[in-house]
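The chain below stands alone, shown as structure tokens; this is the form predicted on its own.
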């Protein structure tokens, strides 16, 4: 899909190449993450793909066609581009921002409207609620979702993403990463993703290109990168806790099952029955769901003792330490640490409880991997 062949870039008044003799092949539908320290050539490499930067030497191919023979405006209209600062037009509504490229391509108005609604729904922003708002009315995470929607508006086969989630807090960042991976499962775009964060690279990439001083040091899968770093530089970049980093590679929905002993009860369950269940609970509490198995919260042993009677729906407390089914085990560990709990509840998009991940279960996986 994308091929860089002997590509070098030397900027004016600089003797050292920003990118040196780079050869890289990205297959259709792959997420290729460019990672490395500041100034290693990641963003320059990305910008040579859509000709925001012209190579000094070498050739960039897309679908076998030399991009230097394509009109650069036409080329960019067929490549989605997402940057850290998002770049939304502040005077336009959210719907108008998403519609930017389809308007430039002169799509019919009704087709644009349908596409905007489809994409806003896809990124979790109700078009009826957010479509007519301005970017200033949204949070940073919401604006970033709009940026992703805008990049996909004309259904480009290629997305370039330059530190797209770097400007938001860690919890929002994890949610955006998971949302994007969910979208990618449906869309199957070819994506070039730039980051300086090796953990993000491991989580997001099908392939990882490690760069240093403009050169490609290693190009491999996340698993290969963790198990066989090419040299000391890569080993240092990956770090020592490789067993923990492998948690980025496992989604929680792949390991849910009988890895815990936590009772789950309906909200109309009598409190007297909860007393029997909580003693055997791994977390010293029972989880409470409604008649459709949507998670309501939890009732601890203290809550149950103090209640004296009634039903579970009267005494449960909210449960903030939850994650979605598309999250990774690393996300699960982060939420546990953030809330100081030894477990997280896993819920689907309808907030239905699908299972529990406990700290003991994660520690068991890490020990097994390290053995």
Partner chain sequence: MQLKSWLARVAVPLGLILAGVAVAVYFVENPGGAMAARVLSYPKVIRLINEHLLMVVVSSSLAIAAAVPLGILISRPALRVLGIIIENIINVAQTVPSLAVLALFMTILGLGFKTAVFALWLYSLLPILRNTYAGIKSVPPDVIEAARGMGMTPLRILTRIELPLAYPIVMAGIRTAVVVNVGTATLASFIGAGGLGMMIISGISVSRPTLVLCGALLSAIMAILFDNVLGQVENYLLDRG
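Predicted model, so just to flag it, every value in this text is computed and none were measured. Numbering follows the first chain given and starts at 1.
Keep in mind the form predicted together with the partner chain is missing from the figure; the text below concerns it.
Looking at residue 140, you'd find every heavy atom of it more than 4.5 angstroms from the partner chain in the model of the complex.
In the model of the complex, at least one heavy atom of residue 91 sits within 4.5 Å of the partner chain. Contact annotation: residue 70 falls outside 4.5 Å of the partner chain in the model of the complex, judged by heavy atom distances.
Although the partner is absent here, residue 115 is not a contact residue: none of its heavy atoms lies within 4.5 angstroms of the partner chain in the model of the complex. Heavy atoms within 4.5 Å of the partner chain in the model of the complex map, among the stretches 286 to 294, 99 to 107, 124 to 132, 197 to 205, onto 99 to 107 alone. The partner is absent here, but in the model of the complex a heavy atom of 79, alone among 79, 264, 226, 277, sits within 4.5 Å of the partner chain. Of the listed positions (87, 270, 239, 166), a single one reaches within 4.5 angstroms of the partner chain by any non-hydrogen atom in the model of the complex, namely 87. In the model of the complex, 47 is the single residue of 25 to 49 with at least one heavy atom within 4.5 Å of the partner chain.
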